[in-house]
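Shown next as structure tokens: one chain only, the form predicted alone.
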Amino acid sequence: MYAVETNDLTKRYSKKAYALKNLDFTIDENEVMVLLGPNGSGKTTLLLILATVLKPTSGHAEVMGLDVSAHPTHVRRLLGISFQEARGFWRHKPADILRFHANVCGVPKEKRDTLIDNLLKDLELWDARNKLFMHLSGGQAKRLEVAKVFVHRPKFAIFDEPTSQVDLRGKRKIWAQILRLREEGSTILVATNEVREAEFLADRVTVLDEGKKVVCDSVRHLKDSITGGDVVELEIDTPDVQTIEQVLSRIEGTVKISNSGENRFKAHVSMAESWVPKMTDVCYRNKANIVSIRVTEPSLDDVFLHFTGRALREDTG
């Protein structure tokens, strides 16, 4: 049984306006699944359906074997969600908001204060613990929003853009907490349009575009699926540049190779991790010394462009 499964899931707001179109989607138990896509791709709609906030137009969705439409109350007991926009009572303080949340979620009394204090410190909210919610900065409010899930520690955790408005130091602290949840046994779904976040967190990535699943796989496999996506820059000490260029071009996995002068080469290859050892052997047999080597792999921006034909960053601004 999958932790999450949808079949032919569709959400339509009008005859022509679809948020999701016939989506078949699964998450394995104890997996971090990342939804990657631009704004308007259907990420948030899927999260809200799984969280029982929205009802699908048609199709089927289950969380831990429970139909989200038929058993919404039971599903809510299994999950926690961090919304894209931080939510809180304007005149309440962060520490009080987390205590209220811990109480509602059934966190044992003897554990609440220590857990909340540790989270406030780790997420750099300690100095703001007695500020009113209405006076928090955007980044502080966002860290408070994700802290609710870390207090709850649910079986199924949902994060919608968990680090938007948060600086890089804060992002890494939130990412570490998300991975800690996974280590404790939670299944996690993260929606984002930040490729660095996706690469850091994901066991698998599902690319969504215009309400449809384009592709789903591990980050490594998605990058390896781009033919010639890895770039290897070489400087080789050899008196016979032409011969070396020819033998390099014949290595399995070479898509394109060019000589930029002064014994420098740029090779576009598939799966550099297997190409580089072959290149090393070829150079050794041709008495060519490798002076330097630099490998650049494709990003998830490149993956999105490869599968959709357009740039992720252009869509998200």
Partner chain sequence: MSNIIRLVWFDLKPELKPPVWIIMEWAVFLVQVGVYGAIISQIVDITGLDYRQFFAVGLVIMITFSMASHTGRHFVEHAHEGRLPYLLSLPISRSQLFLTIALQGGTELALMLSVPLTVTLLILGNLSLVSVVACVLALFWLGFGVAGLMLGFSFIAFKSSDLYTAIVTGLSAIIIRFSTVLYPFIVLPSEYATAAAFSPLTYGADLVRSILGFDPKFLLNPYYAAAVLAALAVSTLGLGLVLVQRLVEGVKSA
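Residue numbers count along the first chain shown, from 1. Treat the numbers as computed from the prediction; the structure is a model and nothing was measured.
The same protein also has a form predicted in complex with the partner chain, omitted here; what follows describes it.
Participant: With heavy atoms only and a cut-off of 4.5 Å, decide whether residue 88 touches the partner chain in the predicted bound form.
Facilitator: Residue-level check for residue 88: yes, a contact with the partner chain.
Participant: Does the partner chain come within 4.5 Å of any heavy atom of residue 114 in the predicted bound form?
Facilitator: Outside the cut-off, so no.
Participant: Hey, in the predicted bound form, does residue 73 get a heavy atom within 4.5 angstroms of the partner chain?
Facilitator: Close contact exists here: in the predicted bound form, residue 73 approaches the partner chain to within 4.5 Å, heavy atoms only.
Participant: Contact between residue 84 and the partner chain in the predicted bound form at 4.5 Å, heavy atoms?
Facilitator: It does: once the partner chain is placed as it appears in the predicted bound form, residue 84 has a heavy atom within 4.5 Å of it.
Participant: I need the one stretch from 47-55, 246-254, 264-272, 25-33 whose residues put non-hydrogen atoms within 4.5 angstroms of the partner chain in the predicted bound form.
Facilitator: Single hit among the candidates: 47-55.
Participant: Quick one: in the predicted bound form, does every one of 13, 101 and 148 get a heavy atom within 4.5 Å of the partner chain?
Facilitator: Yes, each of 13, 101 and 148 comes within 4.5 Å of the partner chain in the predicted bound form.
Participant: The partner chain isn't shown here, but in the predicted bound form which of 178, 202, 97, 208 has a heavy atom within 4.5 Å of it?
Facilitator: Selected residue: 97.
Participant: Quick one: of 77, 182, 129, 173, which gets a non-hydrogen atom within 4.5 angstroms of the partner chain in the predicted bound form?
Facilitator: The residue from 77, 182, 129, 173 that makes the contact is 77.
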